[in-house]
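Single chain ahead, by itself, as structure tokens, in the form predicted alone.
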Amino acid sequence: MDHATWPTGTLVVLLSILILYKIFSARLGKSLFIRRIPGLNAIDEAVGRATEMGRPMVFVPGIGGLSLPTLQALSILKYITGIAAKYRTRIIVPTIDSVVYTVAEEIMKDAYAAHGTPEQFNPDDIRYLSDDQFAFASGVVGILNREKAASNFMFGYFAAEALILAETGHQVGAIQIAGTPSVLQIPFFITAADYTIIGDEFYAASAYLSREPTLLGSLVGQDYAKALLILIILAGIITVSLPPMHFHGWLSFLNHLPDWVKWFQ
């Protein structure tokens, strides 16, 4: 914005107003529609599979600190914990950050209490492994192998350890669902995981599952903003592509428009 012109500044203000309008509409109770992502349907399937097999699930909230991707991942963890509480399925959460460990512990404790099964909460299932990237990856690999996990969820920020975790999950026969905003790791997840949530779907997933009005309104507002930007870009392309014509030129263009349409046909 240091070198923004007044049209750019005006456009930013308009888009901000549009997003804020959708957020306040959602907070006031207006129903907003976002389509369900196919990968989210697989979450219920993965929990059901672990329940039938009597084996635990593993949820890895990435290797980031308490950042936006990690918060999105933790909101998905809350949803999965709710389903796990319903079916009395064990879920193990290894973490790389002590703050994330604390937040994940509270989220799971609240989720079990909200579903009327606080006795199912086991603090030993939330584990702080290490703040070193590959030491953490080794710890998760050990958990996947020892516990024979039936389902492996990987949501959040991942780096070079992404393929290590996904390959191990595949070897132990776990159904795997992954989602990350890191574009460099998405190909590895697509290759090794059963379902992958990519791009904006990662942020849309947490909004859809949590149904939190601020997240829903922000997501829908941003979609409208993107549609508006696309229309402006298309209008700009058409405007600069057409030859400059005066009023009589436009009349001539309209008079010959049927001939042009016939020529294209």
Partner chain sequence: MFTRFLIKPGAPQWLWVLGVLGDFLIFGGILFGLLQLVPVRFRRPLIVALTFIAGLIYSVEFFYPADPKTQMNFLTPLRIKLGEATKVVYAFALGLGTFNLIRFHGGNVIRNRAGWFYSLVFFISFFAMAGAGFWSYYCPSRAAENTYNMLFEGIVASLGATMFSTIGFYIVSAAYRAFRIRSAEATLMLLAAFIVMVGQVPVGAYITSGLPEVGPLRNLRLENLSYWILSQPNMAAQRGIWFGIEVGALAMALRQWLSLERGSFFEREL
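Being a predicted model, the structure only gives us computed values, none of them experimental. Numbering follows the first chain given and starts at 1.
Beyond what is shown, the protein has a form predicted in complex with its partner chain; the following relates to that form.
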In the model of the complex, does residue 72 have a heavy atom within 4.5 Å of its partner chain?
-> yes
How about residue 123: is it within 4.5 Å of its partner chain in the model of the complex, going by heavy atoms?
-> yes
Quick one: is residue 16 in contact with its partner chain in the model of the complex, heavy atoms, 4.5 Å cut-off?
-> yes
Touches its partner chain in the model of the complex: residue 45 (any heavy atom, 4.5 Å) | no
Picking from 234-242, 35-43, 53-61, 221-229, which part of the chain touches its partner chain in the model of the complex when contact means heavy atoms within 4.5 Å?
-> 221-229
Counting only heavy atoms, which residues in 12-31 are within 4.5 Å of its partner chain in the model of the complex?
-> 12, 15, 16, 19, 20, 23, 24, 27
Using the form shown as baseline, tell whether residue 212 and residue 65 are closer or farther in Cα-Cα distance in the model of the complex, where the change reaches 3 Å or more.
-> farther
